[in-house]
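So this first bit is one chain, no partners, the form predicted alone, shown in structure tokens.
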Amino acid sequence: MIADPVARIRRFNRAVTLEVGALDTSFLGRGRPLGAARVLNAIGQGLGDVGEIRDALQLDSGLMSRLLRGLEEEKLVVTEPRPDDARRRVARLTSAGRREFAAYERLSNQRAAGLLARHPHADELLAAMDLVASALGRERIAIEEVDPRGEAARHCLAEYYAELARRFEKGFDVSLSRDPQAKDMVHPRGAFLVAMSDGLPLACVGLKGDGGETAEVKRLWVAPSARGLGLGRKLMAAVEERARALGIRMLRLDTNRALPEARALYLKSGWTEIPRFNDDPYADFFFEKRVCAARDA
């Protein structure tokens, strides 16, 4: 029984249920259960369309209506027809609702900070939580094109460079590498893609172009907590799609021998190994792949 995987999952479920107060009739002591608090939080976080809130929280229509009705009766939320589609409704917080949302945010942050403070290995706890959250939310991970100089991109690149420094035999100094230039990874020269999960960036890849028909794929990285979910393949497919849309016909990339999983991914994805095409001191293997530009289709 102790080693039974199903029993261990159920133990985990019970622990989380108790920790988050899922069974409390007054979640965080604010007078309403978790379901109503989650709807209030979703509206406070920027969701307005009632159908989108229902889908995001995976609620059925009847329960969603009851929860909204309760929040309306408390004068925390008002709903009204969408200006562009009277068949749909949007919800917004009242002044009292915004105060209640702020109270939930403060209490939730305090509870999270308290959990970390009482655990002797907070970083390991967070890593385990990231792993579980990525596994449970894999269907909701979205690939977005972002500014390569923005917060999400910088987070991914910092994690990527730190991992290379750990894995490369002689470490990694980004100043010695063919570091992607931000101006070459934005439309119309290129792109920078990030896989996002509920606001957390989990993976990235860059497309570095010069306006011509050849471009490089750079900085493919997946967070350890999200490995094994197919994000690397999805990002490579997405970057090829962006390249086609930009009229790029040939993609190239390089990788280091300390990253065998990357080389295996490229070989499985139809890339062809070619002779060295740059002077990057960290590159050991070189690949290219011909893509059909959108205007060729």
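Please read all numbers here as calculations on a predicted model, not as lab measurements. Numbers follow the displayed sequence, beginning with 1. Think of the rigid core as the biggest set of C-alphas that the two forms share within 1.5 Å after superposition.
A second form of this protein, the form predicted together with the DNA, is not displayed here; the remarks below concern that form.
When you look in the model of the complex, the only residue of R87, K75, K183, R140 with a non-hydrogen atom within 4.5 Å of the DNA is R87. Only one of G230, G270, G247, G35 lies close to the DNA in the model of the complex, with a heavy atom inside 4.5 Å, and it is G35. Using a 4.5 angstroms threshold between heavy atoms, E261 stays clear of the DNA in the model of the complex. Although the partner is absent here, R66 sits close enough that one of its heavy atoms falls within 4.5 Å of the DNA in the model of the complex. Contact check for G46: every heavy atom lies farther than 4.5 Å from the DNA in the model of the complex.
In the model of the complex, R54 approaches the DNA with a heavy atom inside 4.5 Å.
Per the 4.5 Å heavy atom criterion, the DNA in the model of the complex is contacted by stretch 54-62, the sole one of 248-256, 262-270, 54-62, 230-238.
Counting a residue when any of its non-hydrogen atoms is within 4.5 Å of the DNA in the model of the complex, there are no hits in 181-207. Core-superposed comparison between the shown form and the other one: CA of R263 displaced by less than 2 Å. With the core held fixed between the shown form and the other one, G228 has its Cα displaced by under 2 Å. In the core-superposed comparison between the shown form and the other one, the C-alpha atom of A36 has shifted by at least 2 angstroms.
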